[in-house]
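First comes one chain, alone, set out as structure tokens in the form predicted on its own.
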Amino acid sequence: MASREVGIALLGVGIVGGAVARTITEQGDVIEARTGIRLVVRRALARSRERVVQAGLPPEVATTEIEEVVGDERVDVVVEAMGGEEPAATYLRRSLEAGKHVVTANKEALAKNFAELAAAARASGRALLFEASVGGGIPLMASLRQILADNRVTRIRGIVNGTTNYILTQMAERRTAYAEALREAQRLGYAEPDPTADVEGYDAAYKLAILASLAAGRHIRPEQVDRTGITGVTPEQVAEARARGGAIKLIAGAELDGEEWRLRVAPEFVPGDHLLAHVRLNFNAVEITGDRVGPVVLYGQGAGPLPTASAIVSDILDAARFGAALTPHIVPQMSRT
């Protein structure tokens, strides 16, 4: 059977976008052999042509204009890897309106504009996929979708930020000072040059809002999350937690109380007999509790370009194979409350 070409546009070719480009280039033959789909990068939106070339892409795919992306009939799937709310959210919406499937790892743009983007996906009959937005390489959205098929989710609890987990692990196990652990996380690519979103809990709040929105079937906004970061965690607190046989972790939790969701991101002491106490370095773990299935735990790398790129490429292939048929299952009809 002949392979089918699927045209890709990358919005951003930084750490994550570059990893996606290299995955498509390096794994292209394997992907084609397994799926019958040949992924071809047709456009790459970047500040400079040099960035595109550094990502291993031909210079002629480089562009600085979103119009050249949304107006290119050879582009089937737009992959947004820019980060930040704007212009990413606008570009996502415009891509959907132009009839492109959309894949994003952007938890901020999605968390703040979930209802609007969901409506755009439904109106255009295109897929909006975001597996990489929470949990890095963990198949979290696919698992949550399966659980939601016949369960009412009543509780979500876990470690969803690999940067802060790496920092807290280094502080506990190596007695590393916070500043030194942060620098190491930045060197490894787990933390951005400006780490505020991670260490102050914003990133975890965005991710929790996405998960809670899917569970609730309505748009739960990040500002509804009670948020505290890790910058106030002291070496003494970390040492005391370790002496008690547990650990301090940045825990993201959402619990259904009647018909309302209570959402919180904060450092907590986790007893040593709980599996979350043993989640180390950049790994994430999320426990989802359904009223029929009970607790389900998912674990894996939650930060780093390669795990994130793996989830993105999986979404690209799902969009190419199943397209808009996925939309009702992944993006429920969502109210804007």
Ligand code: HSE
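Just so it is clear, the structure is predicted and the values come from calculations on it, not from any experiment. One-based numbering along the sequence shown.
The discussion below concerns the form predicted together with L-homoserine (HSE), not included here.
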Heavy atom contact within 4.5 Å of L-homoserine (HSE) in the predicted bound form, the stretch among 117-125, 87-95, 236-244, 190-198: 190-198
Position in contact with L-homoserine (HSE) when the complex is considered in the predicted bound form, options Val61, Ala55, Ala46, Ala303, heavy atoms within 4.5 Å: Ala303
Selected contact from Lys100, Lys249, Lys107, His219, since only one has a non-hydrogen atom within 4.5 angstroms of L-homoserine (HSE) in the predicted bound form: Lys107
Exercise: Gly162 in contact with L-homoserine (HSE) in the predicted bound form, heavy atom 4.5 Å: yes
Members of 196-214 lying within 4.5 angstroms of L-homoserine (HSE), judged by heavy atom, in the predicted bound form: Asp198, Asp203, Lys207
